[in-house]
Every structure is written in structure tokens, then in C-alpha cells.
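Below you will find one chain, with nothing else, as C-alpha cells; this is the form predicted alone, and questions on how it binds or moves follow later.
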């Protein structure tokens, strides 16, 4: 136990906001356990600062002591990137107390918010002010803005609004040396040198600590309509996407694809959700039309789109939500797939991106490869077809123990899938990040010049490798 360091940490943030194992009443498990239960670490301390100055003081104390720091938001990540190792020497820097929405600039269409603010709370706050913050994902009730930016989160509306990077205009960051970069600009044009903001977004806490951000807002749409369509193939789903782009243009804000087996798991484990059309079709699509004119106009566009799709044979059946409650129910089915898969047993998750035009061929070839290599393997394929991001997950054969499958087959399955992703000019991480789970894989699939540049950036900004070491880049 480094008593000198913990004394400095207590002085920086107050005794009540430094938790250690020396205190028998302190339970650090919420900060030390990975959300997917893939890893359990042991922290020297969990420190909960209340503002950027306190974060800076914590970072300076840790840097002086040579103690590495693990920044943490909602701890909902999927690549083991926000929990400490088991050495008992790392400091978990939890941003959970920094939750304020500092300001909404209506004329500039921006909001400035602290890193610990839960995404859903931000959505509600700006909605009450008459605006839309379009970042939306399944973990929005617990994930935080800082974590969203640190991983460059995607979600269901990337098709229209882009990833977290595209939604951010400025940052406040504490550097690895404990200095504060005051970069909370709301400017959409600023050509005064390197774009430092984009270095920190997606860096997973390896370069510095994001403490606040200025984000883009949008006017609320006059109407949002959701449709659920059964399609005969992935090729048909891609054709429907093209038709939706043509007919709905910027109004197309969501386009999700879900395989039959993925939906069968929701039907099995959450029958009350009443999954539509899944039993009769190999694939279903969930699409959303956001309209600035009226619900009547939006419904007319959507119905015209579906009529044309029926005529072309790319949709076999469809349901259009008649109310907001029905629309939310359809989206809830989509967002319940990971939960249903967890109920089915441990599994191997992949968060990949492929050019949309090549997704059908990728799935055909990779499905066949996996089923040939592991007879009976079950594929849980779903995701954001509109932006080329699939959650191409692998479930053990029904008769095989899931934990044994994970232990014996994960490395082989990952290599088979990632090699195919590379063949199809894709990425092994679309929106979840690299963390420690994929760090050793990155050198095999990332351009060597790109990796060299990334290492140079890391060395320049964090020369002592104290910021979330072992994540993204291996030593």
C-alpha cells in the first residue's frame, strides 16, 4: 500500500472520495470488475474527483509516484479497457461525480457537459430544452459522455449523425502531466493547427483524461417513424438500404439488420417482447425515418418506400409502428439481442466493419468457414448495416458447454473471423474500441506505418506510459 500517494490523493479530492482495500467498509468491486465479467482487477485506490482541477491534482500525484492511471466512466465497455490489472498498483480515476450539463447554447446548437454525465441524462436534458442529441446506444442508461468519447462510440444513428467524434466540437482534457487543456470551443471552423480533439477521442484514456466536452445539438424532428421489415437475404437488405437512401435521404436515421437466430434468442428468453416476423424470414430490418415536416409526410414516405420494396421483392412483410410506444418496443427488441445472447451463455463477440457492398459475401463465406471448422456453431449476427458495422457474434454449439467453448475456441475463432475481415478490407473494431482484449491483435491487422505513428503520439503525450497502459497499444 502506497500510503504517501493515497495521502496525496485524499488531500486532492477529500477523504470520502478515495476508496481503498484498507478500509473494511469499502467495496471496490463495481470499479474493479469488467462489465462482461471477462476480467477482475485490484486497484491501489479508486479516486472520484469532482472537477477538472481535482483530476489534474490526482494525475500530478500519480505521475510523481510513478503510478499508472485507469480512467473510468460508466464501466460499460466491451473490450476490457476500463478496469485495473491485478497488481494492486493502479489508480482507478472514476469520473462519476462530474455530471453537470454546464451550458446549452441555443443559437450555436451546442451543449457543454462534464465527462461523468450519463448519456441518457444528457439526452433528457437537451430534449426538455427542445433539442436532440442523437448519440443512442443500448447502454445509454449507464454509459457516460467521457467513455463515449474515449471509445468514439457509435450506436444506432451513426448513419445520419456520425460517431461520437462527429458530434464533438471541443474538449477539456487533463494531460498525462496533469495540465488542463481548455479546448471547449463550440467552433465548427478552426484551422489553427493540428486537431488535438481528434487525438483524444477514441484514444481510450491512453493519452489523457477527457473531463468535459462541447457537443453538437440538432433540432428535434417533427416526426420519427419506425418500420420492421422481413427480407429474404442480406443482399435484399443492402438493396433496401439503397432504396431507403434514395427515398428518405437525410431522413433515414437508423437502419439495423438482425439475423433469424439472433431474434430467436430474444423470442426464447424474452417472449413478452413479441418479436415480429422472425420465424418466417432469415433476416429482419429495423429502419427509422425522421422528418422535419410532419408525421403524415413521414408516414407517406415510409409507406411508399415499403410498397416499392414489396414490388421489387426485397421485402416480404413489414410492420410500421403506429405509436411511439410501438416504436420503442421494436427498438427494445433490437437492443435486447445482447442480453438474450448472455442468457443463452458465454459467447465470443466481434464488433467489425465491412464496406456495406461486401457484407453479404463476407457473411456467406465466413459463416461457411466457421460451420466447417466447428460443426454446430451458432452465429448471432446483427448490427448497424447502414454504416457497415456488424456484431458478428459466435455462440457455442447447443450441446457444448459455453465456458469450455470460450476457453478452447476463442483464439481460433477470433483469428478466423479477423483474417476474413482483413480479406474484405474491414476493421476488427468498429465502435467498441481495442482495450486490452484486442491490443495484441492490432499489430496483425493495422497498417505498420499507422501503428508507428500511433506509438509516436503515445510517446510524445505520455512518455512514462502511465495513462491506461496495455490498452490499444501493447508494450
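Residue numbers count along the first chain shown, from 1. Since this is a predicted model, take the numbers as computed values, not measurements.
The form predicted in complex with another copy of the chain is left out here; the points below concern that form.
Peer 1: Only one of 398 to 406, 89 to 97, 311 to 319, 354 to 362 gets a heavy atom within 4.5 Å of another copy of the chain in the model of the complex; which is it?
Peer 2: The contacting stretch here is 354 to 362.
Peer 1: Have a look at 248, 78, 83, 231 for me and say which one sits with a heavy atom within 4.5 Å of another copy of the chain in the model of the complex.
Peer 2: If I apply the 4.5 Å criterion carefully, the residue I get is 248.
Peer 1: In the model of the complex, which of the listed residues (420, 442, 65, 39) lies with a heavy atom within 4.5 Å of another copy of the chain?
Peer 2: Contact with another copy of the chain in the model of the complex is made by 442 alone.
Peer 1: Give a yes or no for residue 187: in the model of the complex, does one of its heavy atoms lie within 4.5 Å of a heavy atom belonging to another copy of the chain?
Peer 2: Judged by the heavy-atom cut-off of 4.5 Å, residue 187 is in contact with another copy of the chain in the model of the complex.
Peer 1: Taking heavy atoms only, is residue 434 within 4.5 angstroms of another copy of the chain in the model of the complex?
Peer 2: Output for residue 434 is yes: heavy atoms within 4.5 Å of another copy of the chain.
Peer 1: Using heavy atoms and a 4.5 Å limit, would one call residue 446 a contact residue for another copy of the chain in the model of the complex?
Peer 2: Residue-level check for residue 446: yes, a contact with another copy of the chain.
Peer 1: Given that another copy of the chain is not shown alongside this chain, does residue 191 nevertheless sit within 4.5 Å of it in the model of the complex, heavy atom to heavy atom?
Peer 2: Close contact exists here: in the model of the complex, residue 191 approaches another copy of the chain to within 4.5 Å, heavy atoms only.
Peer 1: Along 440 to 467, which positions have a non-hydrogen atom within 4.5 Å of another copy of the chain in the model of the complex?
Peer 2: Result: 442, 446, 447, 449, 450, 453, 454, 456, 457, 458, 460, 461.
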